[in-house]
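Heads up, the chain below is alone and in the form predicted alone; it's given as structure tokens.
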């Protein structure tokens, strides 16, 4: 049996599944005026979590760091996709080249969707917390772009689900189990120091996630009187 090591810390896993639930809720609640306040609040928190994940990409454990991702290179991504289609797993504990590129894409889309939502206004029931601070033309543009980004994010998620199904059923890679347990095949790599399951990483993530989410909601949700 292939040796496994701690790869995904609790904050990477918690963020992953929280974003899944958050996006599902946003897609359901987006067109319902009754839930617009909750929709906006969840959008602020999703944006805050993206900021935390970016910070965690520099100060988190080994495989959470962007330095462990293959650089976002079109040629490497093409080669990585070719390996997927020909059922040749990339023997890395963390993200493959195309997997790392998907992380960057998801972070960018989620943040831009949240940002445009916070900058939108329908001039009747909803004014985003950032809308009073920017020119009317930008508010109008944000309102136009927000649903487009939301649909694009949904389409990318669909592609992601197809890719995960392929990896799990055809290539026999334990990606879902890895995102649940945090452990993945080592492929002769080390877990890093401190490793992803250490108490240091847990406490560090707890402090910085609370600070990031607290400041995001404090500034946008409370100071701007959302």
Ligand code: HEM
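Positions refer to the first chain, counted from 1. Computed from a predicted structure; not experimentally measured.
Keep in mind the form predicted in complex with the named molecule is missing from the figure; the text below concerns it.
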May I ask whether 26, 120 and 129 each come within 4.5 Å of the named molecule in the predicted bound form, counting any non-hydrogen atom? yes
Quick one: is residue 30 in contact with the named molecule in the predicted bound form, heavy atoms, 4.5 Å cut-off? yes
Examine residue 153 and determine whether its closest non-hydrogen atom to the named molecule in the predicted bound form is within 4.5 angstroms. yes
Taking the named molecule as it sits in the predicted bound form, is residue 186 in contact with it (heavy atom to heavy atom, 4.5 Å or less)? no
4.5 angstroms heavy atom contact with the named molecule in the predicted bound form for residue 16: yes
Using a 4.5 Å cut-off on heavy atoms, what residues in 73-93 are near the named molecule in the predicted bound form? none
